[in-house]
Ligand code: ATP
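Single chain ahead, written as C-alpha cells, the form predicted alone.
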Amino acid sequence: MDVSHILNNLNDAQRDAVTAPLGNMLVLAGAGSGKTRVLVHRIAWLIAAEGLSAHQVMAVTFTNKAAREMRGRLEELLGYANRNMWVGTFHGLAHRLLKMHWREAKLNENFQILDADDQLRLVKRIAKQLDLDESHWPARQIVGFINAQKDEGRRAAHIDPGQGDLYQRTMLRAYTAYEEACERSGIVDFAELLLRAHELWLYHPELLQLYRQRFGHILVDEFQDTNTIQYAWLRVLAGDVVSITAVGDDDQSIYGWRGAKIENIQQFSRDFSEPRMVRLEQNYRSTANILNAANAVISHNSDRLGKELWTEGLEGEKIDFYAGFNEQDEARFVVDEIQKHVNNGMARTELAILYRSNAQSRVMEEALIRAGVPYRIYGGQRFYDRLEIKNALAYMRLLNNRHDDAAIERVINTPVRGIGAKTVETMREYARDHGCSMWHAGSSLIVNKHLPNRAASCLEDFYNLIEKLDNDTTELDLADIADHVITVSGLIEHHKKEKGEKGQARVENLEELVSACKVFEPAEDSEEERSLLAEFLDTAALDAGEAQADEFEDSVQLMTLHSAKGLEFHTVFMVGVEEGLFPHKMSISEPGRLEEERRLCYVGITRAMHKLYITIAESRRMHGSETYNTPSRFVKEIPVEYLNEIRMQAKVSRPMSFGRAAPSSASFDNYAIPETGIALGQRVIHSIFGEGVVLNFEGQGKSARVQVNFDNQGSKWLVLAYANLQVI
C-alpha cells in the first residue's frame, strides 16, 4: 500500500511521531501544534505501514466529539471505514468492555447506567433512609465523596472508617449503602464504569491476557488530564506487552480540581519502559509575540517536561495591556474594542472574552447588552440565569411580594428544610380550589391544622424566616438586603458545602449579586415611585429575559478560561488578570495550585491567534466589596517588549512598572472623557448634590452620561449637558 500520502503536510517533528517504530512514546504536543493530526496519522501509519489491523488498535479520547472526529478523519485518510477499531472515551470503552463481559464483572446482562441526576436522586433516598439531615449532609457532597473515592480506585471496604472522624464515618455509611443499592438494582454510575473495568483486569488475569494479545498499540489523547483510575486501567492493560503512544501537554494540565493528575504525564517515562519522547513545538495558531509571552509565563513553573513554542508565521502585534479605573471602565474598553473590530469587518464569533471566575461575566454582560452586542456564554449560563442567582432573587422577590407563587415554589425547600413535595402539592391544590396565592394557602393550612404536625412545623419555620428577613432588612440599603438574604437564608452556607470549583463558583456568584446591588441605579424614566428593591428585581428579570444570541447568530463568545481549552479565536480579551483574582487568592499560598493557575494563564494566552488583550480593573467591586488591585504576577512575567500598555484615549509612553497605586494616584489625563474636560477619578461639585467622584461614563461630549458617587447623596447618573458639574 502506498503510504506517502499519510506523511503529506507534516513537519519534521510530526513526521517523527507518526513514523516512530512500535514501542512506548510520549508526544509532548504544545498548544496549536497539530496533535489531532499526529494522532490520526499515527493510527493510519500503524495500520498501513506497520501492518496492524484496525482490530489491534485502541484509541482513547476525552470527549465523544473528539472520538467521532478521529473516526471521520481516519476513514478519509485510509479510504475505508474501520468498524473494528476501539475508538472512544474512557467511559465509552469501559462500558463496551463490561457489556461484553458482564458475568465476569458481576453485573446483570442488561445493567443500566445512572446519569448524574439519577445518581443524585438515589443518594437523596439513601440519605433519608440513613436519617441524615440534608442541611448538614447535602446529597451533592455525598455524591462528590463517592465519585472521588471511585476515581482513586477505592471501594467502601477499602476505606478506614477513621476513629472519631464523624465526616469520614458518615460518608462511609452512605457509600456502603449506595454500593448495596446499586448492586440490588443492577445499576452503575459513570465512575463505576472505570472502577469495574479496572477490577475486571485485576480479578480475571485470563481476560487481561486475552486483551493484551489482542491490542498491538494503544493511543491516548490529552494524557495530562487522566485521573488515578484511568491511568491505572491503562497501565494494567499495557503491562510490558502493549505499547502506548501518549499525547499530551503538561503545560496545559488545568483540571486538578476535578481529579486530573499531572503526575501521570510526568512519570510516564518511569512507568512505561524505554519510551521515546517527541516534542511538537511548532505552533500553527498564534503570532510570535503571543507565543513568546506564553513561553515566558510558563517558564516560571518547575518540574516541566520542557518545550518552547515557535512559529514560522508573523511576529504580530504586541499584547495590549489595559488598566481600567474600575470594572465598568474595563468592560467599556473591551466592548469599545470589540465594536472597532466588528466595524472593520470581523465576525463577532472570532472574538472571545475569557475570565477566571464565572462571577466576572456579569459586568461584561451588562456592558454588551447596553451596547446592543449579541453574545453567548460558551458552556455556561448568563449571570441572572444561574441557579444560585435565581434562588437568591426568589427570596428577594418574596420580601417584595409574598404572593409570588413561582418564588415560593423555587425556595420553599432550598436549602433543604424538610418541606416535601406532598406539602407543596397540598398548597397548590388549596390555592387552586380557593383562588388564592400559595402563601395564603400555606397560612390557612397551618392555622386550620390541615397538615401533619412535622410538615406544618417545617412550613411555619419557612414563613417565619421570610418574615424575619423582611423585618431585618426594612431600614437596609439594597446591597445590604442582598447580603443579608443570601446569608440568613442559608444559601451561602449551602453552596460552601459543595466541594470543588462548582461550589466555590456559586458562592462567588452570590457575592457578585451583592456587588450588582451596590452599583444599581434605577432607570431615569421611571414614572412611579417604587422601592429600589422592586426596581432591581424588574431589571434583573428583564436582563434574564434578554435571551442569548442564537447558536448560529454571529455573537461574541464569553467563557471561563477552563472552558476555553481546545478553542481558538482571532482576538481574545483576558479580563481581570489581577493578583488575587487570577491567580485566585485561594491558590496563591499553595505551590501546586499556583502552578496550575499559571498553566491556566498559558492556556488563555495561546487561545489567541492574532490579537490578545489583557485587562485589569484598578478598583473592583467583587464578592460584595471593593478592592484595589495590582496586575497579576502573570502579567509581570511577560517581558515588556511583548506588551503595549494603553490608557483611555492615550498610549502611555513611560516604562511599565506594573506597580501603580490605587486609582486616586493615577494621572487624570489617561482617563479623560472625550470632549468634556472631565475624567474618571476626578472630584466634581454639583449645585444640589454637592461634592463627589466621577466613577463611570457613557458617550462623549455634552451628551455623555456620567456616574458620580456623591459624598452625601450616593451614586447618580447625570447628563453633562444639564448637570453643570464643576471640576474641583
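Note that the structure is a prediction, hence the values are computed from the model and not measured. All residue numbers refer to positions in the sequence shown, first residue = 1.
The next section is about a form of this same protein that is not shown, the form predicted together with the named molecule.
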{"property": "Heavy atom of residue 386 within 4.5 Å of the named molecule in the predicted complex", "result": "no"}
{"property": "Proximity of residue 607 to the named molecule in the predicted complex, heavy atoms at 4.5 Å", "result": "yes"}
{"property": "The named molecule contact in the predicted complex: residue 252, any heavy atom under 4.5 Å", "result": "yes"}
{"property": "is_contact(residue 686, the named molecule) in the predicted complex, heavy atom dist at most 4.5 Å", "result": "no"}
{"property": "The named molecule: the contacting residue among 463, 284, 257, 167 in the predicted complex [heavy atom, 4.5 Å]", "result": "284"}
{"property": "Stretch in contact, per heavy atom within 4.5 angstroms of the named molecule in the predicted complex, of 26-34, 57-65, 43-51, 676-684", "result": "26-34"}
